[in-house]
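In the block that follows, a single chain appears as structure tokens, in the form predicted alone.
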């Protein structure tokens, strides 16, 4: 990190930089390099191992789309599992749903949780104090491999498939997560920028196709995630979930008395319409294993 600018290092030959107005925290945790700083355009910014994770300016887009699309599509989610998400944004949005009775959140790095509480409190907005939460500091792979519980929705809010987040993109993880899912459940996970990280969603599609009857993706445009639309993975055995009419989603959304900054029922339905270059990639993927019933 230079004296005045933070240069993201996700891609070798392309990137972005943020002017640093004030460094709030910087340290090497047990698992990764963590920095939180202030920027006049995007507010407070958190980065891990050289990659921007969230900003207080645009975090609502990612967190709302990661949560409300699967939870409202399910319609009756009571138990939710979050893998990652140490800043608390996913947790905050999940807990807005009246149907949700219990949330288990697995975060590998306790420092991310604690520093987010201290320096990014608006993101969690008190969610860590909700009695419905069971926060476990552990490896997500270890948890799903040994877990005996079942969940209606599983949301994986991981870093990119490098460092601690790499295991969360493997066959072993997706298979273990499937065993933790109730019948009719939904899995959602971040899968990188569709234009620059095609290999991510290609690999995920192969893996999910061997486990689920209805693997797919949906999109969210997050300004600080460089490379165009974020590709969010979607997997379930109920194909009808992603084809619900906007009237059904609107009725469910209106039944919950909370406000959003980006998500709405129309965005929900349209997000499953993928760009042609993504459709072409998916069409050319050979899936050799039948989906698990």
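Residue numbers count along the first chain shown, from 1. Computed from a predicted model, the values in this text were never measured in an experiment.
Omitted here: the form predicted together with a small molecule. The next part is about that form.
Next on the checklist: Going by heavy atom distances of 4.5 angstroms or less, which of 36, 61, 233, 52 would be at the interface with the small molecule in the model of the complex?
Outcome noted: By the 4.5 Å heavy-atom cutoff, the listed residue in contact is 52.
Next on the checklist: So in the model of the complex, is the small molecule close enough to residue 215 to count as touching (4.5 Å, heavy atoms)?
Outcome noted: So residue 215 does not count as contacting the small molecule.
Checklist entry - Would residue 193 show up as a contact with the small molecule in the model of the complex if we use heavy atoms at 4.5 Å? => result Heavy-atom contact with the small molecule at 4.5 Å: present for residue 193.
Next on the checklist: Since only the chain is shown here, I'm wondering whether residue 10 would be in contact with the small molecule in the model of the complex (any heavy atom pair within 4.5 Å).
Outcome noted: Yes, contact at 4.5 Å.
Next on the checklist: Is residue 87 part of the interface with the small molecule in the model of the complex - any heavy atom within 4.5 Å?
Outcome noted: Yes, contact at 4.5 Å.
Checklist entry - Is the small molecule close enough to 170, 205 and 237 in the model of the complex that each of the three has a heavy atom within 4.5 Å of it? => result Per the other structure, none of 170, 205 and 237 touch the small molecule.
Checklist entry - For the chain shown here without its partner, which stretch in 147-155, 177-185, 93-101, 193-201 has non-hydrogen atoms within 4.5 angstroms of the small molecule in the model of the complex? => result Looking at the partner contacts, the answer comes out as 193-201.
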